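Below you'll find only one chain, the form predicted alone, shown as C-alpha cells.
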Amino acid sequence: MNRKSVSFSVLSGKGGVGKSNLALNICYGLHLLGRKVLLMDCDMGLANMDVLLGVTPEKDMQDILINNRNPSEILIPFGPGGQSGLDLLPANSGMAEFVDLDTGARSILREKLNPLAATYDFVCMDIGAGISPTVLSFAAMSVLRLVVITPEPTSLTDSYALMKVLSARYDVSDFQIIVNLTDSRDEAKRTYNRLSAVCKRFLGFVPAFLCEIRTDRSLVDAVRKQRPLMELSPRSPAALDCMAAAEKLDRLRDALPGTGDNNPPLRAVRVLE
C-alpha cells in the first residue's frame, strides 16, 4: 500500500501531566477524521495504555524482542465498536530490564516495527516521562514531537531540560507544545510564552504551540470507566480540544514528505558526539 505514514511521539519532562490520556484521545480524534492510526505504548517499564482502555493483552511489545513475535500479532483494535484501523500495540509494566533498552535492542525494535507502521497514516508513540536513553531515542525516531506541559513551574523546567538534551544529543529542535490542565486559553498562552522565551534565549529555537487542553472533570470519569474521553463525552471541553489537536496534526501531515524506503515512519537515530 502506497501510504504516507507520519510518526509522532507524545512526551513530557515529568510524569503526572496527562500525557497518556492525551495520546489516546488525540489518536481517537485522528481516527474520527478517517485516518488509520497505530498507538504504540512505548513506556517500556510503566506501560498503562491497556489500563486506560480496560483491556488485558495476551502479548505485548516486549514479545517482539523476547519471543520474536510479529508486531501484527500483538495489535488490539479499539476503534468505535472495537473496529480496526485504530489499533493499540501494548507494552508490559513492571519489567525493570526493559526500562532502558540498549542501542541494539532499540534498533531491532525499530526495524521490526517499521513495516507495520508504514501501513498506517499516523503512528503515535506514547513515551515515558524524563530523559532516559530509551525516552530520548524513541523521541528522536519520530517525525513530530508533542511535548505535554502544564502551568506548574516544575513541568516547565523539566520540559525545558528534555528539549535541551534532545537538541544537544540528537540535533532535534522541532517541538509542538501542548499545554494541558489549563483553565483558559490565556493561561495556556502565558505558560507557552514562558517556555518558548527560555528556549529562544538559551537553546536558539522556539517550539511551536499546538493547542491547549482545558481542565475537565469528564476526563476523570473516562479514566475510571476505562474508555476514551472522545468516545464517552465527545462534546466535553477536553474532548473538543483533543479534536482540535487532531485536526492540526492532520494538517501538519499534509505538509510533510511522503514515506518510502529511505524515509520510514520510524527514523534511524543519530547521536551527536
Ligand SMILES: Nc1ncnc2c1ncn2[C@@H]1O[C@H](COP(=O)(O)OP(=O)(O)OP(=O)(O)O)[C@@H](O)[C@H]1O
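Just count from 1 along the sequence shown to find any residue number. Note that this is a predicted model, so its numbers are computed, not measured.
Same protein, other form: the form predicted in complex with the named molecule, not shown, and the subject of what follows.
In the predicted complex, at least one heavy atom of Asn180 sits within 4.5 Å of the named molecule. Proximity of Ile213 to the named molecule in the predicted complex: non-hydrogen atoms within 4.5 Å are present.
In the predicted complex, the named molecule lies within 4.5 Å of some heavy atom of Val17. Put simply, Ala140 is far from the named molecule in the predicted complex: not one heavy atom of it is within 4.5 Å.
With the partner omitted from this view, the residue of Cys42, Leu39, Leu219, Leu30 that lies near the named molecule in the predicted complex is Leu219 [heavy atom within 4.5 Å].
For the options Leu86, Leu101, Ala129, Leu166, the residue carrying a heavy atom within 4.5 angstroms of the named molecule in the predicted complex is Ala129. Between 31 to 39, 55 to 63, 203 to 211, 220 to 228, the stretch whose residues reach within 4.5 angstroms of the named molecule in the predicted complex through a non-hydrogen atom is 220 to 228.
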